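First, one chain by itself: the form predicted on its own, in structure tokens.
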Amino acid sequence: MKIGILGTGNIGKTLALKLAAAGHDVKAANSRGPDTIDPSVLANGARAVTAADAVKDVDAVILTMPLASLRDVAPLISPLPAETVVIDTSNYYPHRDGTIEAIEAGEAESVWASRLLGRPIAKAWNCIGTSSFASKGQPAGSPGRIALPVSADRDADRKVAMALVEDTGFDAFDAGSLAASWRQQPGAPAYCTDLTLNELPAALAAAERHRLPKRRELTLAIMAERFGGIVTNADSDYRVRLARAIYM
């Protein structure tokens, strides 16, 4: 499959490495140009290109950037052919993204993103920590393999997104429509808790929408106090234990 990735941070890097290793034709881009992409992102065969090139002649585009930055790429995404699958990995963090009134009022984050981009999208890879994503993928059928929810409104988008999640080393679970994707947002029991396919459905069902923002902010406050605001200093096991203690 031909895949374009917009964003080469921690999640984007892991996506480029895993999907290229799985045999996909991967192009990776960031907002600063191909010359600024770390060579480690390209170690498994992904190619560094401009953002405009990354979305050209591809089967799927993966957006891996802060939620508010989707505004910057909307002009590239909106005109894409209807059959191109667009997958959103982002999450809403007000301290970083600014206040988005529609989300504050209860709109699911990826519903807001879909409206902004002017097209259907899928939501995947948003609820696993960067360390877990990079290090805990396993072959299909492995005991204890982590499962990740995938939400979409179109069957074709869901099918492609789920297949790509599997290719990155995780069990894919059909989590329903974009409107229901709030169940995989920060603060929910399924968010960064590294659950198996047997455990994930109950966690999604247990989510209480009104509790998510408070739990999200509590986790950020604890991480900032413990790690001086640099959350990437936390190892994956600590982050999972903290998320399970607060969200579940």
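In case it trips you up, residue 1 is the first one in the sequence shown, and so on. Model, not experiment: these values are computed from the prediction.
This next part talks about the form predicted together with a small molecule, which is not shown.
Per the 4.5 Å heavy atom criterion, the small molecule in the predicted complex is contacted by stretch 22-30, the sole one of 198-206, 22-30, 214-222, 176-184. Among residues of the shown chain, V73 is one whose heavy atoms approach the small molecule to within 4.5 Å in the predicted complex. Proximity of I128 to the small molecule in the predicted complex falls within the 4.5 Å heavy atom cutoff. Of the heavy atoms in S114, none are within 4.5 Å of the small molecule in the predicted complex.
Although the partner is absent here, G9 sits close enough that one of its heavy atoms falls within 4.5 Å of the small molecule in the predicted complex.
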